[in-house]
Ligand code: MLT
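The chain below stands alone and is given as structure tokens, in the form predicted on its own.
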């Protein structure tokens, strides 16, 4: 696959903007940027550009706008829907060098972070000041702040702190003409018109290139307890959550997993069985507080209706061991092959129905496919991974997304729409909503140069 060669004048302008060593054109240097984490989406970039500041990003965008060359924006390249992968010939703008972390404002509970800062580094920085960050997910070591904002990422703590948009107090972004919008004061109250910062969150790089953000921090809660509950089925696991929320105000995570996924994790992670016998469904819960929440968690779990077995970990090693059963799902699934990955949500009350109908829906179009499902119970959010779909990947995608739409759900809960699901956007958004989104896109990026083909269907 060969990308169209970029004009020498544009390459010269890009090298002048960021330094020649940060404009990559050779195939062996660009290859790692051109395929997504799953291996399913790939394309050739005209070049890869690695700016180190907002000013350099602005210079790159101006040069591309003048040449009429589209831009694909990429953070840690941990996306799962092809939203940061080139389609062919674009300038790929890698933001990993925008890794500056500001001093933690303890009084305001805030910090400024560059788009290239990894989630793990942000967490470490906040914790060193006695605070914490409200978003967490398994890809923390490589996922970047800019990517989290672009997709309005959620993760395992949404139950307690909300998704990325709830943490966002300000942003700096480069628009399609190279102009810069900057609102970094971190004001908690501001009633002066449209909330452009919130608009950028979840826009997947189609409205502007987010280069820096101002983030809300949360109290550091050092005392934790984690429990893994074995349940007879998804219905029972979902049904116990309201009681746990009511009894455990310090509940911070509730994750659903099933026997097939646990078997893969054990196989590839060489992990022991969590219980003496096999069980069909599991609920992993975590509590965090300033004081030890173990007793309250044990009491609440022991009274959970339908409970088959449970194990509770209070020390950090035991907690990591229990979390491994959940967090190693993605790696274990990928070790089996390239999956169809679908991130969906439905109203929580309809989650049992979605779980019950997923396997027969997939089998109807791909009888040999293997669905591996896990997710976040509180948000009605399932990660549907389908192995061995082969040439039927698109049919599987269509079947699952239409099922979700029929249950009043969303085709994308926290991974974004990207290229993978843009043609299905109409299942979750009305024609009026899509027209309004297009109007905003056209106003901010009239030439359609920012992440073309991502989020919005082709005209």
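Worth saying up front: this structure is predicted, and the values here are computed from it rather than measured. Numbering follows the first chain given and starts at 1.
Although not depicted, the form predicted in complex with this ligand is the subject of the following passage.
#### Entry: Triple contact flag 62, 209 and 441 to this ligand in the predicted bound form, non-hydrogen atom at 4.5 angstroms
No, the candidate spot makes no contact with this ligand.
### Message
Exactly one residue in 226, 135, 80, 234 has a non-hydrogen atom within 4.5 Å of this ligand in the predicted bound form; which is it?
### Response
Answer to the contact question: 80.
### Query
Only one of 152, 330, 167, 378 has a non-hydrogen atom within 4.5 angstroms of this ligand in the predicted bound form; which is it?
Among 152, 330, 167, 378, a heavy atom within 4.5 Å of this ligand in the predicted bound form occurs only for 330.
### Message
Heavy atoms within 4.5 Å of this ligand in the predicted bound form: which stretch in 411 to 419, 40 to 48, 395 to 403, 430 to 438 meets that?
### Response
Careful reading of the contacts points to 411 to 419.
### Query
Is residue 374 close enough to this ligand in the predicted bound form to count, meaning some heavy atom within 4.5 Å?
Because a heavy atom of residue 374 falls inside 4.5 Å of this ligand in the predicted bound form, the answer is yes.
### Task
Considering only heavy atoms, tell me if residue 326 and this ligand come within 4.5 Å of each other in the predicted bound form.
Heavy-atom contact with this ligand at 4.5 Å: present for residue 326.
### Task
Consider residue 214 of the chain shown here, and say whether it contacts this ligand in the predicted bound form, taking contact as heavy atoms within 4.5 Å.
Close contact is absent here: in the predicted bound form, residue 214 is far from this ligand, nothing within 4.5 Å, heavy atoms only.
#### Entry: Exercise: residue 157 in contact with this ligand in the predicted bound form, heavy atom 4.5 Å
Contact check for residue 157: no, nothing within 4.5 Å of this ligand in the predicted bound form.
### Message
Can you list, in sequence order, the residues from 338 to 358 that come within 4.5 Å of this ligand in the predicted bound form, counting heavy atoms only?
### Response
The stretch 338 to 358, when checked against this ligand in the predicted bound form, contributes only 341 at the 4.5 Å heavy-atom cut-off.
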